[in-house]
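Take a look at this one chain, the form predicted on its own, written out in structure tokens.
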Amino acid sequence: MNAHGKAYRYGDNVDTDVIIPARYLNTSVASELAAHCMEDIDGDFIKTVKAGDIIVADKNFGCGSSREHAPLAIKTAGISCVIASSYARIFYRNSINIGLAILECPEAVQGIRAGDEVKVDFSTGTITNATTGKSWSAEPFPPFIQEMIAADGLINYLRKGAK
């Protein structure tokens, strides 16, 4: 499983209320959540994001509430992977549970700019900035988490008969 897309670049402490503003939490319909993803921090995000694109952020991405709405909005908007220096713990777990691939790699974050083309190999943890040619190594997911993400989340993974 791999990801390849344009980088959307954000700073420290991007909280779940910025990812999906609380005023839209009256629904759990993924497409409605995605329609408002990142709008308070990046008004053009939802207009320009394409399937496969990648979010790159600094420290403490996904801090704030423990709702699964934030990673669900990101995934449904088309983001194939989030790369950050660090994550809020509950956001990290919620992302895996809904099948959103996320990697922690501060060195890659420092070497990727908004608009760069980024490739990710989940089996090896290799992150490559195709724009600059530089590569970094993140800790790859263990095989069962790779299977969970490929299955589109924990529930589907369990339905398929987790190994």
Partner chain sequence: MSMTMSQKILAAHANLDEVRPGQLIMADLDLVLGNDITAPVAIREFAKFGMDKVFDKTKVVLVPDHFTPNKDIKAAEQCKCMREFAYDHEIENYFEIGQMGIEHALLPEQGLVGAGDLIIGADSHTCTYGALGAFSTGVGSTDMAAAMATGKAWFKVPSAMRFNLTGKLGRWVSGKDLILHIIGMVGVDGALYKSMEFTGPGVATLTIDDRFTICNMAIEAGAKNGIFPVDAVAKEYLAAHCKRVPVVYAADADAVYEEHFEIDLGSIRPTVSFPHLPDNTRTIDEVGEVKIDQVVIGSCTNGRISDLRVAASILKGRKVARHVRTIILPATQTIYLQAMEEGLLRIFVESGAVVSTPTCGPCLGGHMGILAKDERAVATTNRNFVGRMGHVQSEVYLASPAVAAASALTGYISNPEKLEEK
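Note that the structure is predicted; figures quoted are calculated from it, not measured. Positions refer to the first chain, counted from 1. Each form is matched to the other, and the largest set of C-alpha atoms that superpose within 1.5 Å is called the rigid core.
The form predicted in complex with its partner chain exists for this protein as well; it is not shown, and the discussion that follows is about that form.
For the candidate spot formed by Asp53, Ala114 and Lys119, no residue has a non-hydrogen atom within 4.5 angstroms of its partner chain in the predicted complex. For the chain shown alone, Ala73 is not a contact residue for its partner chain in the predicted complex, no non-hydrogen atom being within 4.5 angstroms.
Within 4.5 Å of some heavy atom of its partner chain in the predicted complex lies at least one heavy atom of Asp15.
Contact between Ala151 and its partner chain in the predicted complex is not found at the 4.5 Å heavy atom cutoff. Mapping the unseen interface onto this chain, Val49 falls outside it, with no heavy atom inside 4.5 Å of its partner chain in the predicted complex. None of 60 to 68, 132 to 140, 106 to 114, 119 to 127 except one has non-hydrogen atoms within 4.5 angstroms of its partner chain in the predicted complex; the exception is 60 to 68. For the stretch 79 to 95, the set of residues having any non-hydrogen atom within 4.5 angstroms of its partner chain in the predicted complex comprises Ser86, Tyr87, Ala88, Arg89, Ile90, Tyr92, Arg93, Asn94, in sequence order.
Superposition of the core reveals a Cα shift of 2 Å or more for Glu147 between the shown form and the other one.
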